[in-house]
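Quick heads-up: the structure tokens below are two forms of one chain, split into structure 1 and structure 2.
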Structure 1
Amino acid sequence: MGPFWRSAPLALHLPAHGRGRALAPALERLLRQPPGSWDLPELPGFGGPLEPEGTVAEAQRRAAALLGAERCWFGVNGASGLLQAALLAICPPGSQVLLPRNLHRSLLHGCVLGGLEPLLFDLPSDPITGLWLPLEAQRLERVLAAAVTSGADPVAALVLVDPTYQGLVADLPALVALAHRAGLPVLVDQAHGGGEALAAGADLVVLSVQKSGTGLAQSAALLAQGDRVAPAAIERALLWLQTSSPSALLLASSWAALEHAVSVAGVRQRHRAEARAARLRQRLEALGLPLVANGDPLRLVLATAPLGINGLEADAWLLQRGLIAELPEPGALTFCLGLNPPGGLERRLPRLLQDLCRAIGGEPLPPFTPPPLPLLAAPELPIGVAWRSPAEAVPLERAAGRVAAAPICPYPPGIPLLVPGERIDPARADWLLVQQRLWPGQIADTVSVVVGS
């Protein structure tokens, strides 16, 4: 049985079309057709993402032009599938790839599939909320300098996540320029963004069209520009990973949402939503509720730790009262308002958050300790080898010294706290024990380690 709500739930989660309220008009029209009539194969004249001609090819060409890219491929397996294809396109087998510690797990899976070595770089984190903070140029300079001396295998690319799930943004032009100066192509995971990384000079950009646009779940787009990555390499990787029967509905959703976003109606819709969000933010702040400053007006991030509340507990409490948030974390709770926020939002959210504070609030939580990670580290055992090695489960208390055979990865956000192949040193084991208490129900008592490690 699900939770009991006296009124309709206040749904502040993704997809950003808000349970259909903000669907692109073309997609809405399509969905009103007789059910199933839109479920087409790659018919001649319609084609698919890898066909040079047809409706899909034409839509991809127009989407690229609208977003300022040279090429665009729609995806039907979310940003996850396109991130993996992008990774395999830029990184030859055996190469190293620079990945931020706040990477989405799909990129780790891409490393396994492509036989790549993740070179994980540490990021700053906020002691008050525990959130990863955007990468600064000075830190990237140090990372790049360290990467040169990191190992025998060549570094093939830099991957950045921007904006973060919580809408935090870095100075992308500066970061991309530094990577290019070091001779590295840049892939930006903009699952939570709208393609701004192209103007910053990124070579490849992956969008999740349902997270910051109005597409259906799983619709996504890969954008490319410049001559650092050959389109043929991208198409080859897509061929490896993509279904041979891409859903026409999801392809239509990608196109309809991207086109709508830049249309007059789409821009007006976003402005209306952002204006409502800005007024709501002001009202919540006036009530003394601490919100994280971010770059996405449609993501409200409540800093729960200063209120004395773990974000996962806040989420469970609110869920019981009909408010569905998007992303609970130990120090924060993120609400995605979507492109047509639900009616009653302005009345219900402030009241529920005040009730939350009264019911379970208290003294601010102690500051979050950053993970004890070096600036740059590669797993000791190749990730694909470690993940497929004979493994045994050991209590976290006894994990120090062992090599991880599986990730520890609370979901959402899907950011691994431990990567297969990493040796768990005592400081990391202690930190993971703290994390286990901070993510109730999300981290098991045992960790999977490589037998004999």
Structure 2
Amino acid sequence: MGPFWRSAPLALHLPAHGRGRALAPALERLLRQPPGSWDLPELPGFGGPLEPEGTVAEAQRRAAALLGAERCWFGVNGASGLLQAALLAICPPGSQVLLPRNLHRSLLHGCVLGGLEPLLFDLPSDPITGLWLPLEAQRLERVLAAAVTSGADPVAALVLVDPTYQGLVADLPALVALAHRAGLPVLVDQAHGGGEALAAGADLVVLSVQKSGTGLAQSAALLAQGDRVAPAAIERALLWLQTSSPSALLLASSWAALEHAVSVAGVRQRHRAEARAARLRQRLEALGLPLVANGDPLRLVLATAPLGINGLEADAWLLQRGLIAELPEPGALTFCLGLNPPGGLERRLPRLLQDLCRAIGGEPLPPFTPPPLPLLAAPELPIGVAWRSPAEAVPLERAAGRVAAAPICPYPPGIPLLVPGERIDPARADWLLVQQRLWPGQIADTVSVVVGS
């Protein structure tokens, strides 16, 4: 049983279909059929993501054409599964891969599965909200130069996350061009985007059609173009990581959502949602509520720190009053409005946020101090070895000098300050202790380290 609210909850979280209000019409029709009638195996004529012929193969070809890709594969294990497959396709075993610190954890899992060495590069951050900021071309130039001398193993690829969870966007064409000049293929995690990275020249792009489209959770698509990554390598990796019994419902969800997004009705739906979102943003700003500027009109990010409010506390307070946000963080709270924002949004959200400020607001929180991360860092112990080694919990005060046995993520959304195999240097250990005092309950008293490290 969920929380009790006097009125219907104001659900501003993913999936973007808004609890069914904005499902792709074809998917909605499918779900109205007798339950279970759509639960089909890879029947002849229907096929699957790796079959050359059949309904699924034709839908993938049409999706690629609609999105401007050369190839498309649907996935039923979310963007997570397709990111891992893309990583294994683009990087041979033993190679290094450049990964941003704001990576999704599935990419770390992919490094374990593929025997890859992650080269983690630091990103700028905003002192007001504590949010990671998009990568800039000048910083990437420095990262690429440092990667050349990072080790004996070759660097196989660059991975980018764009847009971020909060809808922040980078200059992708400039970043992709730099990587290509360095001889690196580019994989872009666009789980929170719509495939724009293809036009920027990215070689592989992963979409989550439930985050920015009208599909169901776990439905996703992998797009490819160019000759830097062989389609055979992609299909081999998909064979390793995707189920041999893919859900027909999720495959249909991927196609229905992608097709609907570029249809006349889908474009009209998005324009209506964005117009409502723009009016709502204007109203909130007129009330003096600080909003983070971003590139996604349907992601509303409230900067809670200037209001003197911890975003996690704001989330808990709002949840008790029927407002469900998508992502709370110490200095910000992200709302996903979806492609058919809920009724009463324009009336209820401003009122609730004003009530929040009156109830628990105060003096602005102090500026966020970024973690003391090197520009580029690689685990001292192979990530797969560290993650599977015997581990012990040690007090945070005694963690300096030890090797992490699990990711250390100070607070949501789980961006790792340290990955398994990285040595916990004194500067990061001290930073964690400070953060623990600033955000009680968000950072554990102990960390998991490799025995004997």
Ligand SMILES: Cc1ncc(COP(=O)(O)O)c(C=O)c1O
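By convention here, residues take numbers in order along the sequence of structure 1, the first being 1. All values reported here derive from a predicted model rather than from experimental measurement. Rigid core: the largest C-alpha set superposing within 1.5 Å between the two forms.
In this comparison the chain labelled structure 1 is the form predicted in complex with the ligand, and the other chain is not. Relative to the superposed rigid core, Arg21 undergoes a CA displacement smaller than 2 Å between structure 1 and structure 2. Its Cα shifted by 5.3 Å, Leu438 is compared between structure 1 and structure 2 on a rigid core fit.
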